[in-house]
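Only one chain comes next, encoded as structure tokens, the form predicted on its own.
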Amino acid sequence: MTSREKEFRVLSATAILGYGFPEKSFRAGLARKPHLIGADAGSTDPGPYYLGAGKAFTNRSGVKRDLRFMLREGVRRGIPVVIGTAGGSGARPHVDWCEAIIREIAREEKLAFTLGIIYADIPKERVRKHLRKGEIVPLAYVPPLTEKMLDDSLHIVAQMGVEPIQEALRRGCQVVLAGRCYDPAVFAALPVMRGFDEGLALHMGKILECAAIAATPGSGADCALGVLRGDSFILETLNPARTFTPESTAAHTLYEKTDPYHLPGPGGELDLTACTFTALPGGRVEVRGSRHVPTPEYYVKLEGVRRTGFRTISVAGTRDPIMIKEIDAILEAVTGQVRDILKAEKIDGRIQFHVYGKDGVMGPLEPETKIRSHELGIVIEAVGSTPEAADSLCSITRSTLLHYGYPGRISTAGNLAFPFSPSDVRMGETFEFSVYHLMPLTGRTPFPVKVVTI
């Protein structure tokens, strides 16, 4: 760290690129003269579909709106802009999608800059080499990876750390667009390169990747500022409606983590056992004591999905107290009846009922067993090996449940109310995570950096 750089200011625009932010908050962040503008653009939270389908889970117009602010102000003011996990899942189709938006904005705003593009896709043969050596490690509650599962997988990506982003910045890139990325690396790569403490930078990045979610009241659609110093960092909101508190900041350490004291990442872990959170005037919080502890071997997390079929759903509801009381037995009987009907046609698949008002959110983990609602929402989910098989499963299940004669039924016109016509909706392909494992990094880096002039 040079004598000029007593602090490093990072403007986090939004929790996920495309979620939006108030322009006033962004302008307030610019007034603090940040050294970096960053945004995480993705997550595995929306499930495996988007990685498998190569599609973004955020709206294109929303992403373009956020990027326009970030690029226009960043390029014109000479502030580096870093985007991680482009397009939501960070595979090549997602990176290409986001690059096209960046080029559109550059044309419309007449911007000129050097763009670094970092891909996170991992060839199957590279994974297979480590798998055959017994070097692929499953994460908790994940079965060991097999070659069959690897062969069936699509769009395998790895979470890159700070190093590829630092390479792009060293090569003069003013804007960096990264594929699947360890979320804090977006915000930590440049300050660590400038000599600031890696543990503090990564911990600050872990909070800033969610922008103002760690404030109170929290929001994923608002900006936040992080100020990194020699032995601490300070978090500031940029909206007078929000404040950071020690409680809200410390609580965020629990976000998506089973252990709030040890947070693993590429090449090491954050040790927060000695962390302190201190309130400062103006709704700010200062954090001290964050440490980064390198692991003996550098591992990265792999993510891959495989196709499992096609889904069709139907949404319905019931207000019959007799049906509500016996709903479990009714759904079990309907499932058996549907399987008997389809057996002759050799149509196989999976039927699942999501019963909202009973256990639609938590399923068998729901601790509340008594139904207190006067009505239930029922989503019929059918997954088959083809779109036609899924349609058949859903259609027959829906009609069977509609007219199923359960004990005590008074009305014979039908058991369900449908809010839409047509009642059955194709949802397209279905996927499941097949690769959720750790792989050691040996030999040549798997994260190539492409530098282009816009």
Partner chain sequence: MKRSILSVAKVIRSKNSGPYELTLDIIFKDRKGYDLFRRSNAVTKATIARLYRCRPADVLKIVYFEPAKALKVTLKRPIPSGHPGETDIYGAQQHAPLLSLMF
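Numbering follows the first chain given and starts at 1. Keep in mind it's a predicted model, so treat the numbers as computed, not measured.
What follows is about the form predicted together with the partner chain, which we do not show.
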- Query: in the predicted complex, does each residue in the set 254, 259 and 352 place a non-hydrogen atom within 4.5 angstroms of the partner chain?
  - Reply: yes
- Candidate stretches 168-176, 259-267, 130-138, 184-192, one within 4.5 Å of the partner chain in the predicted complex by heavy atom: 259-267
- Pick from 144, 123, 363, 240: which residue has any heavy atom within 4.5 angstroms of the partner chain in the predicted complex? 363
- Note on the structure: In this chain shown alone, the residue from 277, 97, 113, 298 with a heavy atom within 4.5 Å of the partner chain in the predicted complex is 277
- Message: Within 4.5 Å, heavy atoms only: does residue 367 come near the partner chain in the predicted complex?
- Response: yes
- Taking heavy atoms and a 4.5 Å cut-off, does residue 52 contact the partner chain in the predicted complex? no
- Query: Heavy atoms within 4.5 Å of the partner chain in the predicted complex: does residue 423 have any?
  - Reply: no
- So in the predicted complex, does residue 432 come within 4.5 Å of the partner chain, heavy atom to heavy atom? yes
- Note on the structure: Contacts from 25-59 to the partner chain in the predicted complex (any heavy atom within 4.5 Å), listed N to C, are 44, 45, 46, 47, 48
